[in-house]
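The chain below stands alone and is given in structure tokens; this is the form predicted on its own.
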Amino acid sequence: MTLVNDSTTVPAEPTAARPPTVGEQLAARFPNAILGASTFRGDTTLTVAPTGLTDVARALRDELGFDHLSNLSSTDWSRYRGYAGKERFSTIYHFTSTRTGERIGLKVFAPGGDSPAVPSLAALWAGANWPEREVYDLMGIKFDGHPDLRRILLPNNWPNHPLRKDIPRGGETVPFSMIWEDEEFQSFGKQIVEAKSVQPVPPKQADANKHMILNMGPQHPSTHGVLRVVAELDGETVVAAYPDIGYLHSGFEKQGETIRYKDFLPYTDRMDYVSAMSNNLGYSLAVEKLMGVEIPPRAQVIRVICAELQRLASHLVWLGTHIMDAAGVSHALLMYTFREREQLSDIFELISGARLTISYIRPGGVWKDVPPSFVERVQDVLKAFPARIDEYERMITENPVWLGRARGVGKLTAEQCLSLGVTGPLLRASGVPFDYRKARPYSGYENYDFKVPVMTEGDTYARYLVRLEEMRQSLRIIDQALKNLPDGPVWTADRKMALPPRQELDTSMEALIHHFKLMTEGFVPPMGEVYHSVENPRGELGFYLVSDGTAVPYRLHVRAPSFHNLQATDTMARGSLIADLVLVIGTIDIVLGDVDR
């Protein structure tokens, strides 16, 4: 009712019925499975009973259109305030609709105390296989119904699950010094130390009696790092390919849970050392979302320029190395692509002082404003690169050797991509026009006019064409950003993260104390959890953060695109020749620091 005066009222205008949210639809459909719901920073998370997880997940996929399992992780709540007496472990799932960009989270508290178990989703999403193995390996949660539940990053004889809160960082024994009595010195000056051979054990799915089992890597130049692929062969035909990872495992997540939010940023550079700026941006956005702060317009535009320059640099490394894998030095495009990449690295060095591990984009903004020559140097890129990309096309696109090696090799259908959790150029080359810059815009990407390149063939050649066009679209975005680069600050004004102005320190004790606490303790987000993802050159890069109200993340998980995309190796390689396995690995565009973390 609307009040007109003391004695007269008129009926209020009828309001349209609000359509039920996804959470409300699921709660109505599965009243016994949905135990609760929470919303934080715009993210909705439903707490689901373990017995109802499979049915709820199936309904999300088949009835509500949440076809992409973005993230699968876990948390040990044993030292989190307010969780005493509840289940110690939970798994967390983030589902995204590739059609609308909408996202929802499911949280499942795993029964079983210190031996927890939840149902596996591998039968619904093949891409749940590796993330569930990772959770089992690092957190010790078992997944009932998993087709091959074993460790994935650590050796089979590892004594514990290192992401549990009762396992200290650096808990393993590491010798820091050696003495002459050590075995390594017994043959000193005579011959090399005798290698102790360990009988390799093939994957249980492999049939070593019927087929040949061949190791490719981890010291193979075409595996692009310490990746081992166990190939099961019938003659020269690949029957199955089993990637074996973990040789570079760095324990970044465990490290991230022992240092302040702001101190973790340099580790993001080292996860994907070919796309450092993209990783800086993804982590910074996740922290800013957790803090609830806004970034000034100038910093946002600079971030977009840097992210797209980094996309160019990353694709250049991929293009040069991939063509060399396929056609050898006779088609050494690598020299040309690195010529252009050096021009981009010069810009990174100009603004940050570093060329590879940059740490320029930081939670709160960017390290400092770009110098006056930045605009001119970026304009040089905009002038030179279109002709350079055309040059690559003249060399490669119709090259008969490249066509023969790439067409029809490593095919993936759209359905296979969505099931496997494949994202980025691999997904778009199979006909799914999903790009986080469009589906869930961040850093102002909604203000830029650009296209999402899409192909339908889903083979190595289609992925080459998609990445080539992405480079052109990145130039288009950079051009728009440069023309609309506003003046202003490059760091947030929110006092939760920003230092007080220098002049206040002489007159305000509160400002002085705030400055001291920010510098010594770091910023402190409220209790809560967020998941935020960006469009990395390789696909979806996501960060899952849980805050316990201190300056150190309680839980930090990285959804690395290389890790998830590498799962598709077996699907892509089956039925092809062993020589094509090199093309399959190259077309995924993995970075092993991103895979192993």
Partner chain sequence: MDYLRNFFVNLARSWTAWIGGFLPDWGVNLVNYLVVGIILVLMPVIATLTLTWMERKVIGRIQNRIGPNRVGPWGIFQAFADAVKMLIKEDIVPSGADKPVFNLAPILIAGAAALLWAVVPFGRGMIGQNLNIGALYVVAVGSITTIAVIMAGWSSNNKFALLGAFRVVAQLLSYEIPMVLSIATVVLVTGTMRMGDIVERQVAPFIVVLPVAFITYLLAAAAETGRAPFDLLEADSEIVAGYFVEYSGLKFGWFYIAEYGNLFAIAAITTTLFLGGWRGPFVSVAPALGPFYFVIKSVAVIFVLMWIRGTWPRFRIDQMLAFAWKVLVPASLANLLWSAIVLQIGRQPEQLGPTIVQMILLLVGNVAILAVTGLLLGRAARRYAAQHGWAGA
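Keep in mind the model is a prediction, meaning the values are calculated, not measured. Residue numbers count along the first chain shown, from 1.
Only in words, not in the display: the form predicted together with its partner chain, which the text now covers.
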Partner contact check in the predicted complex: of 413 to 421, 476 to 484, 217 to 225, 376 to 384, the stretch with a heavy atom within 4.5 Å of its partner chain is 217 to 225
Note: exactly one of Ala84, Met519, Ile513, Met335 sits with a heavy atom within 4.5 Å of its partner chain in the predicted complex, namely Met335
In this chain shown alone, the residue from Ile213, Ala493, Ala117, Leu350 with a heavy atom within 4.5 Å of its partner chain in the predicted complex is Ile213
| Is every one of Arg270, Asp346 and Pro371 in contact with its partner chain in the predicted complex, taking contact as a heavy atom within 4.5 Å? | no
Using heavy atoms and a 4.5 Å limit, would one call Leu248 a contact residue for its partner chain in the predicted complex? no
Partner contact for Ala462 in the predicted complex: its partner chain, 4.5 angstroms, heavy atom: yes
Is there a heavy atom of Lys289 lying 4.5 Å or less from a heavy atom of its partner chain in the predicted complex?
no
Q: Flag Pro155 as yes or no: does it have a non-hydrogen atom within 4.5 angstroms of any non-hydrogen atom of its partner chain in the predicted complex?
A: no
Across 221 to 237, the residues having a non-hydrogen atom within 4.5 Å of its partner chain in the predicted complex turn out to be Pro221, Ser222, Leu233, Gly235, Glu236
